[in-house]
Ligand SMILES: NC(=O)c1ccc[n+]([C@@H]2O[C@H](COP(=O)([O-])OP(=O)(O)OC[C@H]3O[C@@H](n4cnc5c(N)ncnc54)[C@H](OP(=O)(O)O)[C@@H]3O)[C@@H](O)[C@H]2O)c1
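Only one chain is shown below, in structure tokens, and it's the form predicted on its own.
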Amino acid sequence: MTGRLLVAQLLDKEHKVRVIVRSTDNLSESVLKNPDITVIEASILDLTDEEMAGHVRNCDAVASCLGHVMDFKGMYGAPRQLCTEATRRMCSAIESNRHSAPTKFILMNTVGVKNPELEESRSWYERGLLTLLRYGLPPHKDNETAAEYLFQDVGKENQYVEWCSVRPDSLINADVSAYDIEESPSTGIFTGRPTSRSNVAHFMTELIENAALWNRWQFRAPVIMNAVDPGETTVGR
């Protein structure tokens, strides 16, 4: 759902968008008829390396909003490494094109994944529960390894890929509103403020458009939460 919102917001700002979806059933008629969108109907892991490279060629930014369907099959069935493999394949495709300027890669991740470069404190309760999730819930481990791939394999010196791993708190459905961006969770990861999917899409759009904001958050894993004060949005903090 966040991906659809991101596409809609980008089209509203007159960006040219390519989208890879397993099915077009959930895309609105207005989106499908928009002259600025190219829709590729495919499973991203079924694309060949050549096809993937073609789809990301000449793109200024590539965003992944992939997630597991939260039912038994979605959590425990294949592919268990959906987010990690998609991240790896998209970044490898960007590198293979060897553009003269680096391409932005934005990953939608989760606040449950720690930034390995920061000493983010976790309570004993949070550490215990996250350990259970890591070994008992494949999607959580997938989110961790996707972020690890960016930090460890792509790194900060990559000539072709610049990246940002966006960590929303618990996702809810709501319109765009004020939100806060922080380096690390300011409260416990299970007691933080919720994040609307529309706000996540808005922040990702801002990262694509706003060079100063991108310079602030590239190679980092910002946490996004709905603001306590609905009258102010602090996207650049």
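Small disclaimer: the values here were computed from a predicted structure and weren't measured. Residues carry their position along the shown sequence, with the first being 1.
One more form of this protein exists, namely the form predicted together with this ligand; it is left out here, but the text below deals with it.
From the list 207-215, 167-175, 28-36, 55-63, the contact stretch for this ligand in the predicted complex under a 4.5 Å heavy atom rule is 167-175.
Contact with this ligand in the predicted complex, defined as a heavy atom within 4.5 Å, holds for exactly one of Ala147, Val154, Met108, Met90, namely Met108. This ligand in the predicted complex comes within 4.5 Å of no heavy atom belonging to Lys13. Using a 4.5 angstroms threshold between heavy atoms, Thr103 stays clear of this ligand in the predicted complex. Not displayed here, this ligand is approached by Gly67 to within 4.5 Å at the level of heavy atoms in the predicted complex. None of the heavy atoms of Thr48 is located within 4.5 Å of this ligand in the predicted complex. Proximity of Thr84, Asn115 and Arg220 to this ligand in the predicted complex is absent: no residue of the three has a non-hydrogen atom within 4.5 angstroms. For the partner-free chain shown, Asn26, Ser43, Ile44 of 25-56 come within 4.5 angstroms of this ligand in the predicted complex, judged by any non-hydrogen atom.
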